[in-house]
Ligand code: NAD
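Just one chain is shown here, as structure tokens, and it is the form predicted on its own.
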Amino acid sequence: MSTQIQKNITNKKNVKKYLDFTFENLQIEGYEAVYKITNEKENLLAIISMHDVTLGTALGGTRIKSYKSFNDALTDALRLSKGMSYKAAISEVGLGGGKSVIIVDDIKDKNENLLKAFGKAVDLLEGKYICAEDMGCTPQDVEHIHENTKYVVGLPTEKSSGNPSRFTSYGVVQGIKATLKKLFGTSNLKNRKIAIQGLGSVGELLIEHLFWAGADLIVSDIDMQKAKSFASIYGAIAVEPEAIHKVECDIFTPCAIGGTINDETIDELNCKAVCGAANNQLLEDRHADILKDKNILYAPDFVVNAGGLINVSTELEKDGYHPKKAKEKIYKIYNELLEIYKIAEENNISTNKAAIKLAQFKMKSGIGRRKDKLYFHHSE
């Protein structure tokens, strides 16, 4: 693609077309670029949101989902990409915050041609955004995206890192241990009551980690048969989805959709802390202040669930991917979270505000900025 065409595509003042694609920069204040992308031939409607690229190239998963409206999809992409900026900054992985969504009427509408078309759209941005798996997008789907672009991570291949869920779940374990340390002076999980909301790819791995560490588990999922099956395997208690946030426990662990901490649920919480894998657990930032007032310790989700990002980021390094490198970096979530708890306490602010301030400080100061180029070993 010519440089002139690339300049046209990224021109914030115009809607630009290339091949069968239409790129519209929505010009969202505070964001590097937000594109609405359409390809009528392949029935593609997508959003690529790049929030902040101070520390490196925007990277974030591709969510494939049915939304009630385009504005709902846009709100999701904007919130998620901002969270990725903070997550990347806190973790010092030398990347910026990005996210994409492919909007479908039904998840059954997902197909190879749609994924390949999205891959071509990513490629037309020539490395400004790197995608990965996310809700509704499997590592196998990412393979189809990869057919038309090298700007993708988390492929199930020898030179890539595969499904990041096991690393995300292990990072959540570190977050839970740090939260217990803050609450009780020890990170020991034995006999601690943990209520897990959602048994998706991360939640189902998390339950195994916590079981072997001695925790008493309460679980729920929209698929209650699945919840009951896991409860049977791990000696847990299964409760209905609408009840999981109400149960008495030490830690409530959201691992499903975002926004579960909201005006309706927050007064019903019966936990000492909230620490989980879901993105955007707080419907609004003000809910962090309400949790603080209720003396419920909140572990900022973009700190706790950074394991997946940390894992895929290592495959972009010069010497290539190795799971041990990712594991060592994920250990740091424990100390990072304790530091955020300390900052919040010393400044009498919510833990969410403390984490955001720390992330913004790192971005402003250039801490963790990438110095080397990115290596896409899976495309060599």
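Quantities reported herein were computed from a predicted structural model and do not represent experimental measurements. When you see a residue number, it is the position in the sequence shown, counting from 1.
Beyond the structure shown, there is the form predicted in complex with the ligand, which is absent from this document and is the topic of what follows.
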message: Taking any heavy atom pair closer than or equal to 4.5 Å as contact, tell me whether Gly83 reaches the ligand in the predicted complex.
response: no
Any non-hydrogen atom of Lys292 within 4.5 angstroms of the ligand in the predicted complex: no
message: Contact with the ligand in the predicted complex for Ser220, defined as at least one heavy atom pair within 4.5 Å: yes or no?
response: yes
query: Would Gln197 count as a contact of the ligand in the predicted complex, using a 4.5 angstroms cut-off between non-hydrogen atoms?
result: yes
query: Any chance Gly56, Ser91 and Lys128 all have a heavy atom within 4.5 Å of the ligand in the predicted complex?
result: no
task: Let me know the one among Thr149, Asn279, Gln174, Ser161 whose heavy atoms come within 4.5 Å of the ligand in the predicted complex, would you?
output: Asn279
task: Name the residue from Lys116, His209, Lys226, Arg79 that puts a heavy atom within 4.5 Å of the ligand in the predicted complex.
output: Lys226
statement: Only one of 70-78, 107-115, 271-279, 120-128 sits within 4.5 Å of the ligand in the predicted complex by heavy atom distance, namely 271-279
- prompt: Though the partner is not shown here, which residues of 150-189 have a heavy atom within 4.5 Å of the ligand in the predicted complex?
  reply: Pro164, Ser165, Thr168
